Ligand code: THG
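Next comes just one chain, in structure tokens: the form predicted on its own.
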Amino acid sequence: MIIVGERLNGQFDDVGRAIQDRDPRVLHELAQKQVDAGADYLDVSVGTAVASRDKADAMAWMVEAIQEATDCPLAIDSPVEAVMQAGLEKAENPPMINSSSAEPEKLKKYIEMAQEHDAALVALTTDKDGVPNDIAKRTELAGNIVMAAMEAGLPFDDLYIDLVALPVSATQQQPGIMIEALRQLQGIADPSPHFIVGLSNVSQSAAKRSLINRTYLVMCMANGLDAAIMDPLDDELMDAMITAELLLNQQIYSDSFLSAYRSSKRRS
């Protein structure tokens, strides 16, 4: 499982204050904790912590501050191209772009951006109409993303398709629809692109968020998910993920499989 740590986001109060105060200490601590917990990438988002006109500067500052603490690759996360570019230009290691929609012109532009910066690309199965409500449209958009990447020469190992998790509290049928789309898309290409989920979305505005997140993650993994934007500091979530990998024969069993996994992921 490829883990993208979600905690360096201005939507969180502590990170928002750190951005406003230009205080890197919170970013350093959260970055190192997430890496120690097993993150392969660190998602970096300004969120709503600063006014729109300042977001590009804030993103550049965040990237520089985080890289003072770790060399873990960063996932530059913004819906605004200029903010995305500001982060990409500061990234010292091959980053991830989070994210493009499946709209042809935007997807083409973001694939070119990924190739320019030697970056991985997250592409959402959304278009001008938003998130599809049905399985067929999600799989159609995923197919369009794969074809665009193939035509542009973007390696599938650098492509992450996000089928878009929606909150179970608002649209109870949608988590199951996403899982069925994920199941149907296995074998869409050889080699396959990655499939990623913004895990916390499924439990938004719900009680028992951690329980919902870890149950959904395991269900998705059983149907082919291999990456998630998630909170690696949630120990129960990480335990569920590690155990699912074991039961899916992706890890070697030992009585100490939890600690063995964490030791193997620890960066030097």
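Values in this document were obtained by computation on a predicted structure and should not be read as measured data. Numbering starts at 1 and runs along the sequence shown.
Below: the form predicted in complex with the named molecule, not depicted.
Only one of 197-205, 61-69, 28-36, 239-247 lies within 4.5 Å of the named molecule in the predicted complex by heavy atoms, and it is 197-205. Proximity to the named molecule in the predicted complex, defined as a heavy atom within 4.5 Å, singles out one entry of Ser254, Ser259, Gln20, Gln11, which is Gln11. Comment: the named molecule is not present in this chain, but in the predicted complex one of Val122, Ala142, Val83, Leu107 has a heavy atom within 4.5 Å of it, namely Val122. Shown alone here, Leu225 lies farther than 4.5 Å from the named molecule in the predicted complex, counting heavy atoms only. Put simply, Ile229 is close to the named molecule in the predicted complex: some heavy atom of it is within 4.5 Å.
Residues of 27-63 that come within 4.5 Å of the named molecule in the predicted complex, judged by any heavy atom, reduce to Asp43 alone.
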